[in-house]
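Heads up, the chain below is alone and in the form predicted alone; it's given as structure tokens.
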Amino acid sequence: MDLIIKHATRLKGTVTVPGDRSICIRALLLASLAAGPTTISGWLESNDTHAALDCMQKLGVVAERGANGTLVIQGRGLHGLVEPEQILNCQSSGTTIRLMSGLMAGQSFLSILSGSAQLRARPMDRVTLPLRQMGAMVWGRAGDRLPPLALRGGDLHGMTYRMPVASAQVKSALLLAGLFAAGPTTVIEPASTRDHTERLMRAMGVEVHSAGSAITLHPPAGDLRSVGEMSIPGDISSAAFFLVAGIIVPQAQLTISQVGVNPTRTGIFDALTAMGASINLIAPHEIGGEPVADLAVRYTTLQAATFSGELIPRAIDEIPILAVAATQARGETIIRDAAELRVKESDRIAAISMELRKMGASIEELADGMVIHGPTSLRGARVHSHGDHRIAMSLAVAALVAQGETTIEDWESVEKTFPGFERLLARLT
């Protein structure tokens, strides 16, 4: 499906973005291990969350959709999952297959994780190698690097693992495996990553300590405690597209409601603020242990900046839309230390560079990032999402400031995380 977007002369209104995908998937997995029911409110209905839910249902978990976008999970306890009769299909969700790998490593039965052709091309050895060190048996294609993955665990031991690359998915997989291990599991991060897993585990009675860059989990003596209700805040990664749109479209004035502002996820705030943007956090509070606020932005003249180091893991999903903002900034914006983008749903460095150049942007692709020269008067063009939801939505925002009409091919990839994005954007313009 193609989407056509025309130049916008104004952007105004209040929007609510879907529930945070990362938290939804983690909440589902952990609620399934609890003793008793858990109601998840703010549940995101998307391809990725459907994949995770389907996997858990094949493991014997009963889930029912309730009123007002809730999902009720009947927890089976820490050792209540059953051997699946079918392959666990993670579709195109990297979060699902990596976190499920950690969970399945703790089970004594056999499980097979697979997914779409896109997912089967993504490397998994960052997860499978440490899981083997914990005692799990893991097999895969291409020297056990690629899915499908076959796992048999159940006799794990805790360990201390220093991650070579900062990854919240790898950290979460090892912590999930650590729930079933003998002895504590410590993960040492090279840079801070999102801590949703740790927050949820603590709320459910698991002993998880953070000391500097080290996170240590002590396996629970019994089932995880059901918290009764988990509330999911709006996804900051989804909000980022509207933040940038509100900053680069002339006469724009937007408010994004109830967005999660966990400090491990607010790298995009720091990046945009360094470029001169003003992001106002209104009525900050907590929902389910996660900090939340309304975000207010308006059109701003941006200045170029350099981004690297510890900021990048806190903004890794938002780099494509940051590149769009950089096309409208004065000077040379440099993004480094983002090689992780090469192995996402697409090679995001290559994809966003290629497609924005079609629209007239001046971008030099680096091995681990980009150099973007601005400001550039973008022009409408026929561009392609590369089957990547974040590339698709970033190009939609770029189209708002491009002269003429932009056609985005393969728009349906947006269903992965943000169904209805195009309707919401059209309402604001």
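Quick note: we count residues from 1 along the sequence shown, nothing fancier. Predicted model only: the values in this text are computed from it and were never measured.
The same protein has a further form, the form predicted together with a small molecule, not shown here; the description that follows concerns it.
A.B. asks: Using a 4.5 Å cut on heavy atoms, which of Val261, Leu71, Ile316, Val227 is close to the small molecule in the model of the complex?
C.D. replies: When the small molecule is considered in the model of the complex, the option within 4.5 Å is Ile316.
A.B. asks: Though the small molecule is not shown, can you say which of Ala338, Ala166, Ala323, Leu175 has a heavy atom within 4.5 Å of it in the model of the complex?
C.D. replies: Looking at the other structure, the residue within range turns out to be Ala166.
A.B. asks: For a quick test of understanding: in the model of the complex, does each of Arg26, Thr95 and Arg126 have a heavy atom within 4.5 Å of the small molecule?
C.D. replies: The answer is yes: all three residues contact the partner (heavy atom, 4.5 Å cut-off).
A.B. asks: Out of the stretches listed (326 to 334, 216 to 224, 242 to 250, 167 to 175), which one is close to the small molecule in the model of the complex, meaning heavy atoms within 4.5 Å?
C.D. replies: Correct option: 167 to 175.
A.B. asks: Does at least one non-hydrogen atom of Arg76 fall within 4.5 angstroms of the small molecule in the model of the complex?
C.D. replies: It does not: once the small molecule is placed as it appears in the model of the complex, Arg76 has no heavy atom within 4.5 Å of it.
A.B. asks: Contact between Lys344 and the small molecule in the model of the complex at 4.5 Å, heavy atoms?
C.D. replies: Result yes; Lys344 sits at the interface with the small molecule in the model of the complex.
A.B. asks: Does Ser22 reach the small molecule in the model of the complex, with heavy atoms at most 4.5 Å apart?
C.D. replies: Contact with the small molecule, yes.
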